[in-house]
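Below you will find one chain, with nothing else, as C-alpha cells; this is the form predicted alone, and questions on how it binds or moves follow later.
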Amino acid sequence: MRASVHRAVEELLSEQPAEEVTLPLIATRAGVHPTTVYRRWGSLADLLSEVASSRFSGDIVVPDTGDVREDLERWATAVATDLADPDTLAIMRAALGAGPDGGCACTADRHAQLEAILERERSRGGRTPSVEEASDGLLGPLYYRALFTQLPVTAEWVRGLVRKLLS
C-alpha cells in the first residue's frame, strides 16, 4: 500500500501542479480508500515529506576515490544530475510547499552522504570543512540553481564550488 501511494504521489506531481494534488486524489490513483491514507499519514504535508525523504534516500552512491576533492566533485555532480530531473524537482517543490519539514525531507540523506565523505577524509588525517559548511557551499548553490533559476549546472561550475569549499 505504501509503495502504491508513493507511486501515485509521484505520478500526480509529474502530471499536474502540486496545489491540485489532494489526499483523496492520491488515494483514488493508488486504489485505496481515502480514510486509509488519512489514517496512515494524517495530512498531505506528512505524506509529501515521507515521499521526498524516501525519494532522496540512498539514490546517490557516495564515491571513495581516496581524494576528498574528487569525491566531492563526483558526489556534487551526481546531486546536480538528480536535481535536473523534472520529477525530482516536482517532488521537492511539493514537499517544500507543504510545510516546514519538507526541506529536511529533501536534504537529510544528502547531509548524511556529505558526512560520510568528510569523515572518511578525517580518518585519513585530512582537514575538512564541517557538514554545515559543506552543505552551505555545495547543496545551497545546487538546490538554489535547480529550484529558482534556469541557469545550467556545468561540470566546471560544480568543480568551482568544490574548489571554494576546500580553499
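Position 1 is the first residue in the sequence shown; the rest follow in order. Here the structure is a predicted model, which means the values were calculated and not measured.
Beyond what is shown, the protein has a form predicted together with another copy of the chain; the following relates to that form.
Site residues Arg2, Leu72 and Ala112 are none of them in contact with another copy of the chain in the predicted complex, judged by any heavy atom within 4.5 Å.
Checking 115-123, 128-136, 28-36, 60-68 against another copy of the chain in the predicted complex, the stretch whose residues place heavy atoms within 4.5 Å of it is 128-136.
Proximity of Glu19 to another copy of the chain in the predicted complex falls within the 4.5 Å heavy atom cutoff. Arg159 falls outside the set of residues with a heavy atom inside 4.5 Å of another copy of the chain in the predicted complex. Of the heavy atoms in Leu165, some are within 4.5 Å of another copy of the chain in the predicted complex.
Another copy of the chain is not drawn, but in the predicted complex it has a heavy atom within 4.5 Å of Leu151. Annotation for 137-155: interface residues with another copy of the chain in the predicted complex are Leu139, Gly140, Pro141, Tyr143, Tyr144, Arg145, Leu147, Phe148, Thr149, Gln150, Leu151 [heavy atom within 4.5 Å].
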